[in-house]
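Single chain ahead, by itself, as C-alpha cells, in the form predicted on its own.
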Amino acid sequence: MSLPELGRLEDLPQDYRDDLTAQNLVPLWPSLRAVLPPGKPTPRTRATAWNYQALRPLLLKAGELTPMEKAERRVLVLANPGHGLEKMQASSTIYLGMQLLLPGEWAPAHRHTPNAVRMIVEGEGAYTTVDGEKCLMQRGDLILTPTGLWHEHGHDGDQPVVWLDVLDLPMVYYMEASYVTEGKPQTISGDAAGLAYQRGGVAPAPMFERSQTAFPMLRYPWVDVRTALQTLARTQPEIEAVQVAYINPETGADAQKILGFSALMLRPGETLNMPARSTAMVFHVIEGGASVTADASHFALGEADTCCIPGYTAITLVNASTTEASFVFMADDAPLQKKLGVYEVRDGRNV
C-alpha cells in the first residue's frame, strides 16, 4: 500500500514560513518521508572500496612531507563519498584511516572519548602502549584503545609500519561528546595482562571475584585468531560461515560497546551469501583475496584492501582461489544497534 503524498513547503504562504523561521520552527510534513522513508532507510553510505597498493605510495609520501611533530597521528582517512569527503566517515558510525609510523618515531600519548581499534596491515617493530600495557604490533593483530584510556605509538624496528584505524568517531562526534586530552609518555607496567586470556576455555579465577577491569584484553594476536579459524574449519566442515568474534574474555560481550569486530575465513573456492542486515559492514582482507558483491557494486579485494557496504544490503563474498583460504576482518555497529533495539536481519536478497 502506497503512502499518501504530503504537502510541500512551497505550498505554504511565504509570510507563514517567515513567521515559523522567526521562532525557530519547522513544519514536519514536508520532510517526513525523508526522515521516515517507507520500508527501509535511505542510506547516505555508498558501497566504496580502497585499494591498499594504490594508497600506500601516498601514505609513504605523507611520511616524507609531514614530520610526526606536525601530524601527531599521520593518517590518510578512508572517506565515503556518500557522506562527503570532508566528513571523514566510512559509514554513519564508522571512521577508517590508514596510519603510518616510521622507524624511530613516537606518536605522543593522548586519550579521547571515541573508541578505537588498530588492525595491523604491514611491518614489525612498532607497538602501542595502552594504559601502561605495551602491545606489540604484528600483521593481522587487533589492538584496542578504548574510550578514555591513555595510548601512544612507538617504533623500534627498521621498516615502515601501517595499520588500519577503526573508530566510532562519527557517532561520538554526532553526540557532541568527542574530545582529546594530551598526556605524557606512559610507564610500561610489565607483561601484557591479556596474555592470561590467550588460551581458550580458561581465564584467571581469583579466590573471590573476577577483575573489575572493563577491558581485560587489549591485544588479540592474529596467530591465535587464525589458528582458531583453521581449527573451526577443520573440525566443523559443515558450518555455514567460519567466523569468530572479538569479545571481552571475562563477560563474553563484544570487545567494545559501539562497534563489533570479527574475523572470517573463506575456504578455497567458497561463496558465502550474507543476508541484508541493518548495519553497514566494513571488510578488510588480512590474507588472500575476496570479491564482494552488493546490489550493483562489485569489488575484487586483494591483501590489505578495504571496502564498506551500506546497511540493508545483501552481500556475497567469494574466494576465487581454489587452493588457498582467505581471511577477512569485519567491523560493524551491530552492538550499538542491538542496544538501541533497531538491529534486524532480512532474509532474501530483496529488502
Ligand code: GTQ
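Numbers for residues come from their place in the sequence shown, where the first is 1. A quick note: this is a predicted structure, and the numbers were derived from the prediction, not measured.
The protein also exists as the form predicted together with the named molecule; that form is not presented, and the subsequent description refers to it.
The closest non-hydrogen atom of D165 lies within 4.5 Å of the named molecule in the predicted bound form. Although the partner is absent from this view, Y95 contacts the named molecule in the predicted bound form, with a non-hydrogen atom inside 4.5 angstroms. Contact annotation: T147 falls outside 4.5 Å of the named molecule in the predicted bound form, judged by heavy atom distances. Although the partner is absent here, L264 lies well away from the named molecule in the predicted bound form, with no heavy atom inside 4.5 Å.
Distance criterion of 4.5 Å from any heavy atom to the named molecule in the predicted bound form singles out H112 from the list K134, R139, H112, H83.
Interface residue among V75, A228, I258, M274, judged by heavy atoms within 4.5 Å of the named molecule in the predicted bound form: V75.
Residues of just one listed stretch (147 to 155, 228 to 236, 241 to 249, 274 to 282) have heavy atoms within 4.5 Å of the named molecule in the predicted bound form: 147 to 155.
For the partner-free chain shown, just R118 of 118 to 136 comes within 4.5 angstroms of the named molecule in the predicted bound form, judged by any non-hydrogen atom.
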